[in-house]
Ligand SMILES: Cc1ncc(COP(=O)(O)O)c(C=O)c1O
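One chain is shown next in structure tokens, namely the form predicted on its own.
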């Protein structure tokens, strides 16, 4: 189903499937808007702390352990914002098996799937089961940010329900955007997108080692998207700050660099972490590294 961006798809999925008081299990850290879609449907987003050992993703064991009487399902993202990490396909299968055994729902935000850099993580959750709800968008891989065009793949029974809600909430996705998006599938366009994906990977391969050399802790190498989830605590003392919130402000004031403090994405140990974005030119990333080298030396 074509939607007015991935945000509309997430809203429609939550409204269709969540009743007041239903709990949805999510990883901590995770993209903040996703939990707000759950709240908007009068559900409860239950954030479960994750660690580098789980690639900052939920595991089947965690899902089973935290499943309660009010639990309706899981909302995952693979690759994830802010960590850039994906769920191992075998683990995702186990997660879905647990959810299915409980009669629950599995929603997977796959908006960054086209920007996967490792073959092991490059396949849609739909390869596991066609009753998984997959959310995607033209904004990232297809470079159509701002066109507000996405899609969702849902079980057949959900189609008329989602159609009725979309008609009342959005009427339809932008007609102009839909016509423009058809050009994305030409061989010439795909070649451009693949070249850009290679450039995103090159930026990651430069920037992550550079962060490590500066003293940041990188617990897991991101396998997709364009983010770096970095532990800034080794460098806080050099800026005279106590946590990532103050660190982000200090970096902005002293080096004119904008990063995102970890608390935007959850509460589980996020005071240690900041999120960098590599959705910028290699030259700008190199300049950012030079500024931080000067600041931390």
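Residue numbers count along the first chain shown, from 1. Quantities reported herein were computed from a predicted structural model and do not represent experimental measurements.
There is also a form predicted in complex with this ligand; it is not shown, and the following applies to it.
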inquiry  = Taking 4.5 angstroms as the heavy atom distance cut-off, pick the stretch from 103-111, 118-126, 89-97, 206-214 that is near this ligand in the predicted complex.
reply    = 103-111
ask   = Could you tell me if residue 197 has a non-hydrogen atom within 4.5 Å of this ligand in the predicted complex?
value = no
inquiry  = Residue-level question: is residue 140 within 4.5 Å of this ligand in the predicted complex, judged on heavy atoms?
reply    = yes
task = Look up in the predicted complex whether residue 85 has a non-hydrogen atom within 4.5 angstroms of this ligand, and give yes or no.
result = no
inquiry  = Whether residue 245 contacts this ligand in the predicted complex should be assessed with a 4.5 Å heavy atom distance threshold; does it?
reply    = no
inquiry  = Each of 7, 10 and 31 having a non-hydrogen atom within 4.5 Å of this ligand in the predicted complex: is that the case here?
reply    = yes
